[in-house]
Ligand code: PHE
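Quick heads-up: it's one chain on its own, the form predicted on its own, in structure tokens.
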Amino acid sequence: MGQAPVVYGQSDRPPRGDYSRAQEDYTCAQDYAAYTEADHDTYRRLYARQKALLPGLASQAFIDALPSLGVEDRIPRFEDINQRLRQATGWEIVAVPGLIPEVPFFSLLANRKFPVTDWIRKPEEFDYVVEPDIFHDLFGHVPLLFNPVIADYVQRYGQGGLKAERLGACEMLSRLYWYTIEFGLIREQGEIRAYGAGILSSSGELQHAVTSPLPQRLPLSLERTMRTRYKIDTYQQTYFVIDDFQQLFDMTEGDFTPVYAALRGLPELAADARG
């Protein structure tokens, strides 16, 4: 039992999480008894801060779905969320010790299981944590899994990821995930709003992404998105905007094999490439 820790990008710190608890698919039991009152207080304060920032910045679909997480004043039990989530869209959340490799990640998504890191940041990391923690995963990702269209899109992404791995195209597909599920923007009633988890769980990036004049906001294009590198250590310099969630689902309906082949002949674009 146990798996090797996983690192994405460059970091001077060892990976967080106890991977000795991980099963073959990298899932583990949520060790609820291990949370301290300080952990629960950190979650409560993070939730209260982010919830207060949402009006006028977050997608209304996200705001409407947020109460489905349940308790706000302490870390929720995954089984409580799963009772509601399974009924809504057939999804469930599963605990993982931290970041997991691409193939196990894709496999879980393809089976309508969303991996949620079960540890929470320390109080001194309140404003910024390097790796995604339980607050990022729960608050940022899980509410929209109650939305049937997003739920189907994320499953389709997992299925596509397994195929991309066989085709050597994971990097291109990961950019689509980054610029939609993590850092996507949507136009609602003519206004830009955020639906990406990396934006919704960050107090600074939520305002930057939606209101700042600095980043560029482009209509979502499969080819442009898959060519565009992204930043893991700063606010994004480019965001892609959809008109509705159905656009995401429709965009991933076809076979990406010819798309990958065409893009291999084109240069990658920097995260701040204009136009």
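One-based numbering along the sequence shown. The structure presented is a predicted model; accordingly, all values stated were derived computationally and were not measured.
Only in words, not in the display: the form predicted in complex with phenylalanine, which the text now covers.
Could you tell me if G160 has a non-hydrogen atom within 4.5 Å of phenylalanine in the predicted bound form? Flag for G160 set to yes.
Answer for Y19 alone: is it within 4.5 Å of phenylalanine in the predicted bound form, judged on heavy atom distances? No - in the predicted bound form, heavy atoms of Y19 and phenylalanine never come within 4.5 Å of each other.
Can you check whether E24 is within 4.5 Å of phenylalanine in the predicted bound form, heavy atom basis? No - in the predicted bound form, heavy atoms of E24 and phenylalanine never come within 4.5 Å of each other.
Wondering, does A197 line up within 4.5 Å of phenylalanine in the predicted bound form on heavy atoms? Contact check for A197: no, nothing within 4.5 Å of phenylalanine in the predicted bound form.
Of these, L109, I186, L173, I134, which has a heavy atom no more than 4.5 Å from phenylalanine in the predicted bound form? After the contact test, the surviving option is L173.
Report the residue, out of R121, R156, R193, K113, that has at least one non-hydrogen atom within 4.5 angstroms of phenylalanine in the predicted bound form. Of the candidates R121, R156, R193, K113, R156 is the one lying within 4.5 Å of phenylalanine in the predicted bound form.
Select, from the options 148 to 156, 100 to 108, 113 to 121, 74 to 82, the stretch whose residues sit within 4.5 angstroms of phenylalanine in the predicted bound form by heavy atom distance. This holds for exactly one stretch, 148 to 156.
Would phenylalanine in the predicted bound form be within 4.5 angstroms of a non-hydrogen atom of every residue among Y230, D233 and T238? So, no: the whole triplet misses phenylalanine.
Members of 240 to 275 lying within 4.5 angstroms of phenylalanine, judged by heavy atom, in the predicted bound form: Result: T252, E253, G254, D255, F256, Y260.
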